[in-house]
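One chain comes next, on its own, written as structure tokens: the form predicted on its own.
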Amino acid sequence: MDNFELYNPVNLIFGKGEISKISSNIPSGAKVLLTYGGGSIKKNGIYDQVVAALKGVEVIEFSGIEANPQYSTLMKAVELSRAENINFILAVGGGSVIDGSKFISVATPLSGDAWGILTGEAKIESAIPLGTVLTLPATGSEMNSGAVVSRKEINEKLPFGNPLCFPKFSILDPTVVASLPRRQLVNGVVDAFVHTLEQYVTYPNNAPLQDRIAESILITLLEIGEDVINNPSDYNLASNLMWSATMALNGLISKGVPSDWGTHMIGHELTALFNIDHGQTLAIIGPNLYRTLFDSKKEKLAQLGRRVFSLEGSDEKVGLEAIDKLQEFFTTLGMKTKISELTDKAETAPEIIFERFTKRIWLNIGEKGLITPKLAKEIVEMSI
């Protein structure tokens, strides 16, 4: 196991009716920027619960944060935050709203070009405190310090992270899952599943506890994934989906072990280019990335096959069958398996991916640095 530091200061508040605890977790005298998406929270009753919980608190609202939050939209929120002297942000939504709100929190006090937050050129020294009310289990953003922001004008989707972006608190009420559209639930299950794989399907590193925690998340998602999509009002199913998605990316299973993230980095490019759902890109790219890098990942793929899918045989046999099982699981949930099923421009993707990886100097991605621009291109070619 490698050396590591574990820091996660998020106060996680989990369970039915816990939205009522918002005001007791916001500092006295705070002026709150309430951020949310397209208005679904007003249809499912979450907005009313939040407003009731914020009674007596000065609130300024900002709505319209998109899936794959757009830089231009977030900059409008930054301008509002500065003009209103906001000193606390409450994000009510899924990963996109929370990610966008993290950007707002660090961009508001920034004196330079805010795009530098995404390119790494800006120095983040302060942030407006942030709290969240999670409405879509998927990204784990409610309990980590990372975020991803898009800029459609230049077809970019870039991640950033900073310890200042950890939410002060996050409220997770599983009853919100009941109102989610099927497409969002499918994306959420796949996103959480692949988050776990990115930190697990690498190479053995003498970390049996991390491995088994990761495996427990994967097994749980396999057991409940299809059921929760078909029965989102089942509180027990919803609870386990929500907690699994949070655990998949709150930093715990990545400590002391290598991580990959190649599937995500290629997937982000496909989303930026073709507006394909993030979870869908992961379902397409993940299995083909594992096939391409099979020799370097064979031991962990075989472990995945034996411990998660109960397969038997040699490492070679079990590892290859595990990849097929992954793809089968994604398909069972309703995911497409090819880029061409989602855009008529799929043939352009490999060369563009090669150019973008080269431009970003992403020359050695993955736990062993094996994903070059050329290899990324080959993985995308397999996925057309």
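Heads up: residue numbers just count along the shown sequence, starting at 1. The structure presented is a predicted model; accordingly, all values stated were derived computationally and were not measured.
What comes next is about the form predicted together with a small molecule, which does not appear here.
Residue 141 within 4.5 Å of the small molecule in the predicted bound form, heavy atoms
Residue 141: contacts the small molecule in the predicted bound form.
With the cut-off set at 4.5 Å between non-hydrogen atoms, does residue 190 touch the small molecule in the predicted bound form?
Contact with the small molecule, no.
Heavy atoms within 4.5 Å of the small molecule in the predicted bound form: does residue 286 have any?
Answer no; every heavy atom of residue 286 is more than 4.5 Å from the small molecule in the predicted bound form.
Against the small molecule in the predicted bound form, would residue 112 count as a contact residue? Criterion: heavy atoms within 4.5 Å.
The answer is no: residue 112 has no heavy atom within 4.5 Å of the small molecule.
Tell me, out of 358, 40, 348, 340, which residue has a non-hydrogen atom within 4.5 angstroms of the small molecule in the predicted bound form.
Contact with the small molecule in the predicted bound form is made by 40 alone.
The single option of 129, 146, 313, 258 touching the small molecule in the predicted bound form, heavy atom within 4.5 Å:
Going through each option in turn, the one that passes is 146.
For the small molecule, considered in the predicted bound form: do all three of 202, 325 and 366 come within 4.5 Å of it, counting heavy atoms only?
Answer is no for this spot.
Stretch from 203 to 211, 298 to 306, 172 to 180, 78 to 86 whose residues place a heavy atom within 4.5 Å of the small molecule in the predicted bound form:
Careful reading of the contacts points to 172 to 180.
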